Ligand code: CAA
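For reference, the chain that follows is the form predicted alone, supplied as structure tokens.
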């Protein structure tokens, strides 16, 4: 990032992330099935945008541009053209530039990054949103839709649940390379659910998880892949949630900050960004997230910091092993040592570097297009003491995010500085 115009996160809002397992999600066994319906994509997007406007006090007329992250709205909701949907959330947005960004599970990160670029280019106030509704189809159909984030013609046949199989393959390689056990990896799920249990917006806010359940396959936590070689390496507790939800935030320049009547003590600064993309057509080292490490190194360099400066992190834990590899890609642990760091409590809310304090994708949930917007908003909320029962108690100066699309193919990383 150049040392030109500064970029700040002024605030924002999240909807609850919901889906199967959430007490308010309506499905065939819910007592309200047939009486009530789950919120639509349009309703969730509206709720997040309204919340961001209320939280920041921004005058919608002052918003210069709007960007939205979404991956597969056309498939799950029969709705593309979401830049126009975002423009439709307020009359003041009519005729303003508004566009959708897509990069698989990094779609929200790309929307955020485009908002940063707009501020750097001369705009003063940007609205960034992300939304996904994925519960309109069965798990098997949904898995096929989400497999579009892989190289479909080459990788779809690995299993009907393509992405769990791809990361079971990583889990197998990781465990064999570093001698990590199934129980070691189970600590990630226990932490994720434990944090989510403290988070009123989390998909898994009401679902407990113990190491007894997460640490091995059992009737409550089965392996589910048809691929016999990979089946032993992933269980239900290892997976992120199929969630519906939305997030929205406001980015401002120094002039935009003044227009809101805020000071630097009220906001956080986006001090560094990293955006790295690897070829869809090849696979790299299965034991490392090399594209993520590259993006993180760019964010660190732009901010002038290193891993030792990081106080809090939001990383893309699409599967439990992914969080371990993310910790290592951020430089918080050496290769193969992420599991021991997690088991020792180093990434817990009261640990040296808390990671995914609201539950991450496994506990908080993973509405795909919203995740890359939720991550920096969660860093903002933690730094400003807004996280309630899952609030980190220590002072925080530097936060880092890593939002990953596909199997380590598209990654956006942010270095965020607290200014008070």
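In this text, all values refer to a predicted model and were calculated from it rather than measured experimentally. Residue numbers count along the first chain shown, from 1.
Just so you know, the form predicted together with the ligand exists too; it's not on screen, but the next bit is about it.
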Although the ligand is absent from this view, report whether residue 412 comes within 4.5 Å of it in the predicted bound form, heavy atoms only. no
With heavy atoms only and a cut-off of 4.5 Å, decide whether residue 191 touches the ligand in the predicted bound form. no
Check residue 313 for me: does it contact the ligand in the predicted bound form (non-hydrogen atoms, 4.5 angstroms)? no
Examine residue 228 and determine whether its closest non-hydrogen atom to the ligand in the predicted bound form is within 4.5 angstroms. no
Residues 140, 223 and 405 all lining the ligand in the predicted bound form, heavy atom within 4.5 Å: yes
Work out which of the listed stretches, 257-265, 318-326, 77-85, 280-288, brings a heavy atom within 4.5 angstroms of the ligand in the predicted bound form. 318-326
Answer with one of 125, 292, 240, 347: the residue that has a non-hydrogen atom within 4.5 Å of the ligand in the predicted bound form. 240
Position in contact with the ligand when the complex is considered in the predicted bound form, options 99, 177, 236, 301, heavy atoms within 4.5 Å: 236
Heavy atom within 4.5 Å of the ligand in the predicted bound form - qualifying residues of 73-106: 104, 105
